[in-house]
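Just one chain is shown here, as structure tokens, and it is the form predicted alone.
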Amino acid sequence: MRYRLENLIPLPMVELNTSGSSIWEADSFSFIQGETYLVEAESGKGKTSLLSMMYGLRKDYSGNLYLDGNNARHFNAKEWSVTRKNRVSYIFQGLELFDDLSALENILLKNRITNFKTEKQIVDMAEHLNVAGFLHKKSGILSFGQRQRMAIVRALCQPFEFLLADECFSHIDKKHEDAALKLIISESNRQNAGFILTSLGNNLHEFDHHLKL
């Protein structure tokens, strides 16, 4: 899978200063499956907008976005649904967990769509991130950092060709950040998938490409 961005920029940013951006100032830019990308920028520079457009949540942009040569602007709801089910996973900045469900129930809601992971594999991933002991607790009572780690596990419970992660380490300490990044890259490599992480500036070195917005 390949994303190609051609003169792409969110409409709210058209009149803003985007000088120095690797993406908003590019006539053409591609994200290639199997590669890892760290997109760094301060708040308000369009990190969430970029991922939202790539996930089909926003169409308020100038230019064009292509998935394998197909113009995403013309995708219908069914085409985006299939893409999100089988090709692109997303770790939302706001996490999008249901507070009244346990962490495990939140994860299983995703996993049951494709039955991609066994429950043992889910528990093993949670143990790797040191949150297995919280799987049966309601998500709403967990700390934001614990919830972030649960959201990471949930995002890995589907087939994907790209994983989009919006500041998914913002409330995680360095030890658990390292464990989470190792898990994500391991799963991405296993699926030969691309991984795009947005960050305020983590200075992570494990990425093939470092981009500025």
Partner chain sequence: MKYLFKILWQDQSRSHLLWAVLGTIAGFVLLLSGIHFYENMKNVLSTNKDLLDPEYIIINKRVNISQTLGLGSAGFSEKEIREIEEQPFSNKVDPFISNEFPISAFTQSKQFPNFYTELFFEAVPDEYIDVKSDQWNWSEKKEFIPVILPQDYLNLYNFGFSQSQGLPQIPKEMIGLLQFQVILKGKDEKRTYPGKIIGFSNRINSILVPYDFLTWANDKFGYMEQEDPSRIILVSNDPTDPAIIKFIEDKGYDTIREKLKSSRLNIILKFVLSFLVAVAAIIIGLAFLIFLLSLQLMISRSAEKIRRLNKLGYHHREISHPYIIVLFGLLMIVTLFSIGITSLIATKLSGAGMEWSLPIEEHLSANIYLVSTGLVMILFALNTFAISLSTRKLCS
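Numbering follows the first chain given and starts at 1. Since this is a predicted model, take the numbers as computed values, not measurements.
There is also a form predicted in complex with its partner chain; it is not shown, and the following applies to it.
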Worksheet, complete the sentence: None of Ala72, Leu108, Leu135, Leu142 but one has a heavy atom within 4.5 Å of its partner chain in the predicted complex; the exception is Leu108
Worksheet item: Pick from Phe31, Tyr61, Tyr55, Phe169: which has a non-hydrogen atom within 4.5 Å of its partner chain in the predicted complex?
Response: Tyr55
Practice prompt. Give a yes or no for Arg87: in the predicted complex, does one of its heavy atoms lie within 4.5 Å of a heavy atom belonging to its partner chain?
Written response: no
Practice prompt. Report yes if any heavy atom of Phe116 sits within 4.5 Å of a heavy atom of its partner chain in the predicted complex; otherwise report no.
Written response: no
Discussion item. Taking any heavy atom pair closer than or equal to 4.5 Å as contact, tell me whether Val123 reaches its partner chain in the predicted complex.
Written reply: no
Worksheet item: Looking at the partner-bound form in the predicted complex, is Arg149 within 4.5 Å of its partner chain by any heavy atom?
Response: no
Fill in: Those residues of 72-108 which, in the predicted complex, come within 4.5 Å of its partner chain by heavy atom
Ala77, Lys78, Ser81, Arg84, Lys85, Phe92, Glu96, Leu97, Phe98, Asp100, Leu101, Glu105, Leu108
